[in-house]
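We begin with a single chain expressed as C-alpha cells, specifically the form predicted on its own.
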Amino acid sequence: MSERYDIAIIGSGPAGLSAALNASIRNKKFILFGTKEISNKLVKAHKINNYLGFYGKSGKEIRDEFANHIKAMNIEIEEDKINSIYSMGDYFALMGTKNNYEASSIILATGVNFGKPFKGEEEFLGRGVGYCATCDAPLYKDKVVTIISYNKHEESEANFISSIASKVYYIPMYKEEVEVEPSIEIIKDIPIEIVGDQFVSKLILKNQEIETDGIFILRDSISPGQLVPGLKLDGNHIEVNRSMKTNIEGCFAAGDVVGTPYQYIKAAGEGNIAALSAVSYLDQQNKK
C-alpha cells in the first residue's frame, strides 16, 4: 500500500508555497508538487510593487526569497507532474508521470497556464488523447504518436516514446531550439483540431494534416476540469467559497486557478486559507 499524505499540494507558485508553509507549521504530513524553479511566471516579472514588504523587487528576487524560506523550513518540492486526481471517498488517488500517490486532502494551486483545449481534445480524452506520454506509452507500441509540447523539458518524453512507437511527430509550442532523437519528425505548425471516429485518427494543423493513432498534449499544467473529474468550475476557474473549499469534500483550491485578480499577494493569502481549511477538515475527519 502506498504512503498516504494528509495533504497533497499541486503547484509551487505563491499559493502552493504558502499552503505548504502552513501545512508544515501545523505539523501535517504533506507533499508539494511543482518545479524547483518555483514559478516560471514569477521569474519573468520585471518589477513587483504590490507585494507587501517587497517594494521594487524583481520577480526573480522574490522567487529567491521564497526559495530561501522553504529551504529554511525543510520543505521539498517533488518534481512530478500530476496528470489526474480521483476522489475515492475518504482519500484522493493522484496519478503522476513518475509515481502514484494518495492523500486525505488536496489543494489545487496550478495557476492558469493551461490554455484552451483544442477542438476535439475533450471528446477524445482517453480515446487517443492523453497528457502523459510515459504513462500511456505501452498502448502505442508500433503505432504513430504525435506530441504537442509547450515546454522544452518534455523532449525527454518524446525521446522515450520514440523507442516504442513506430513513428513520432513532435510539435513544439515553445521558441527554444528543439533537441530530440533524429528519428522524431519535428513539425513547426499550429494544431487546430483533433478528429476521429471511435478513436483519434488525425490531427488537423494550420498548414497540413497528419494521420496519427495517439496525441499527447504536454502543457505546463492541465485544466482543472480535466485534472479532477467532477470539479465544479466557473468558466475556466475553480469555484470556491471563502474558505477555498470546492464542491468536492476534502478538495481545496487557491491562487490564479480560482479567479482574478491574478496577483501574487492574493495567491499567497489564498494558499494560507486553503491550508488552514484543509487542516480543519482533517481534524474533523480524525474525530469521526
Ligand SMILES: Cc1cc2nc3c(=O)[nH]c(=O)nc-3n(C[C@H](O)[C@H](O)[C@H](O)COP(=O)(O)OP(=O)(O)OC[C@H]3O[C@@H](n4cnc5c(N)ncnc54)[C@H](O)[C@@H]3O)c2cc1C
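Quick caveat: nothing in here was measured; it's all calculated off a predicted structure. Residue numbers here begin at 1 and follow the sequence given. Under this definition, the rigid core comprises the largest set of C-alpha atoms superposing within 1.5 Å between the forms.
Missing here is the form predicted in complex with the ligand; even so, the following discussion is about that form.
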Partner proximity in the model of the complex: Ala93 to the ligand, non-hydrogen atom cutoff 4.5 Å
no
How about Thr246: is it within 4.5 Å of the ligand in the model of the complex, going by heavy atoms?
no
Considering non-hydrogen atoms and a 4.5 Å limit, does the ligand approach Gly126 in the model of the complex?
yes
Evaluate Ile210 for contact with the ligand in the model of the complex, applying a 4.5 angstroms cut-off between non-hydrogen atoms, and reply yes or no.
no
Has each of Phe118, Lys167 and Ile192 got a heavy atom lying within 4.5 angstroms of the ligand in the model of the complex?
no
Region of this chain that lies against the ligand in the model of the complex, out of 181-189, 199-207, 73-81, 151-159 [heavy atom, 4.5 Å]:
73-81
Within 119-140, which residues have a heavy atom closer than or equal to 4.5 Å from the ligand in the model of the complex?
Leu125, Gly126, Tyr131, Cys135, Asp136
After core superposition, I'd like to know whether Thr134 moves between this form and the one not shown (criterion: C-alpha shift of 2 angstroms or more).
yes
Outcome for the Cα pair Leu139, Lys81 in the model of the complex, compared with this form (closer or farther; change of 3 Å or more)
farther
Just say closer or farther for the C-alpha distance from Tyr131 to Ala15 in the model of the complex, relative to the shown form; it changes by 3 Å or more.
closer
